[in-house]
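The chain below stands alone and is given in structure tokens; this is the form predicted alone.
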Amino acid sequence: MFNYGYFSFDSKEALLEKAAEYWNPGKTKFWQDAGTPMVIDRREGYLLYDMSGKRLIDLHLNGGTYNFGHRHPELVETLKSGLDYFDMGNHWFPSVARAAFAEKLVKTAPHMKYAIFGSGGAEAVEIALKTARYATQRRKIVSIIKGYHGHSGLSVATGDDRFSKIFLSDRPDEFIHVPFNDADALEQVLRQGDIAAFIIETIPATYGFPMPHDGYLQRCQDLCRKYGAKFISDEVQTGLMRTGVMWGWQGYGLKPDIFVTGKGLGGGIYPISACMVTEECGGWLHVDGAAHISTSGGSELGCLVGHHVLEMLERPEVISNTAFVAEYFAQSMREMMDRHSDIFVGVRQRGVVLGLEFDHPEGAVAVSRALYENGVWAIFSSLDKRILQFKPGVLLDVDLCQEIMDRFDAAMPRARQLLKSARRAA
């Protein structure tokens, strides 16, 4: 019996049956078929425990949501103490929590002027796209092929067809896709003069973390300025020190007109996101401050947690540890690739953002399963299943880093076995 006080289940199998019946049959079946039927039970720091009791080191982090690990004591205490005074708040009125958090955010990117809050990354992207349309009085949005910026109405249309067509949200008349790392293709679209914005993740996560070529992002920004479009950086997965600096665009010498952040902004404790805009782009806030309304966006409790997240990320010891973790895995992955070069063929890395490349069309699916069986959870990229998304947290210590690599090494024979079976089946 698994008794959680509010609800109980006789077994993990009973829970999976309920999940398929009442929650999401597709997702439930997918993970069972993939050999990774995880149901997260207890969680602490960078460790997850399945309902079966299986211990896993979390290298998925839900896209960076758990940058500090799960249930970080400082963030838990911030939320608990905040409940003595605050609740979600009322989005209609000025708020001490929102004002303080907005100021904290703006000061991390001084060329920005306003922080506009949402409850998740997709909502922040919606705000960004609407803001660009207001600022330019144009409708069309450009994004990259195999990009991803969320699942809501406008944001899903910027992403890969896999996410948009199923909901009839692919709109070729308003949403245009160009190849990644091809600034000439972007210019060809921009020179038409009717584009409101180009939106791009600093390093496209769901595409498998392909790295931008030298000068590519700068040229994209320059082209947007040349043709009157707004340059939007999606920092939902690459912000908050994940690339070694607070915002990924800072490491490339950029100054976007708009950028969005989410996931780890709430520390995995309380959902919150933000769209950051310049004075020019934020003009609609003067014209009609209620043009965008979000009951949960900028919840006062979320603002408290987010404020503390930024304060933690600015600590010298956290900045130093992030650099240590990045270098540890850079060196370790080079050594690992030397040992397993028959299947492990590439590393894409910036900071603690890593994409590991395997030599089979679904190689990372097999490696993800092998790692799961060996006590490590890392997920494959949805849009390039050769690539394993390997996302260590910024507070990992050396012992856990070493354990990860030991378990990675131990998982490779099983990965080879799974890949051999996949090749036979093909």
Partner chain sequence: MTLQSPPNPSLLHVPDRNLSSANMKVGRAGWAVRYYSTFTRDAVLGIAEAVARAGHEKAGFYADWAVRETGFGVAEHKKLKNELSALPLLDYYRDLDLVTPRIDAGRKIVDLPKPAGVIFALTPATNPIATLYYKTMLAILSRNAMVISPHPAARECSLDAARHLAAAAEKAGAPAGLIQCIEEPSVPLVQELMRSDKIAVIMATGGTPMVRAAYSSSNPAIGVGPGNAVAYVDPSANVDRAARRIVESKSFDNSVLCTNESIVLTLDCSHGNLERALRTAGGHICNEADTGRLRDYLFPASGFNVAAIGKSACWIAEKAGLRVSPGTKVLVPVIRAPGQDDVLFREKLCPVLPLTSAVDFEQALTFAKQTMRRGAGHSAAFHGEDSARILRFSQELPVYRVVVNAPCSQGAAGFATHLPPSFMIGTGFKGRSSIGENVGPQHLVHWTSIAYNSDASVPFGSFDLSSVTTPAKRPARQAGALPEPQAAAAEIDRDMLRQLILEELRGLNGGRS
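This structure is a prediction, so every number in the text was calculated from the model and none was measured. Positions refer to the first chain, counted from 1.
Omitted from view is the form predicted together with its partner chain, to which the following refers.
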- Query: Non-hydrogen atoms within 4.5 angstroms of its partner chain in the predicted complex: do L304, F324 and L396 all have one?
  - Reply: yes
- Name the residue from Q192, N90, Q137, S320 that puts a heavy atom within 4.5 Å of its partner chain in the predicted complex. S320
- If you check L383, C401, V39, I379 against its partner chain in the predicted complex, which one has a heavy atom within 4.5 Å? C401
- Is there a heavy atom of G283 lying 4.5 Å or less from a heavy atom of its partner chain in the predicted complex? no
- Hey, in the predicted complex, does R350 get a heavy atom within 4.5 angstroms of its partner chain? yes
- Touches its partner chain in the predicted complex: E373 (any heavy atom, 4.5 Å): no
- Query: So in the predicted complex, does T238 come within 4.5 Å of its partner chain, heavy atom to heavy atom?
  - Reply: no
- Note on the structure: Testing 220-228, 123-131, 109-117, 70-78 against its partner chain in the predicted complex with a 4.5 Å heavy atom criterion leaves exactly one stretch, namely 70-78
- Heavy atom within 4.5 Å of its partner chain in the predicted complex: which residues of 243-266 qualify? T243, G244, V245, G251
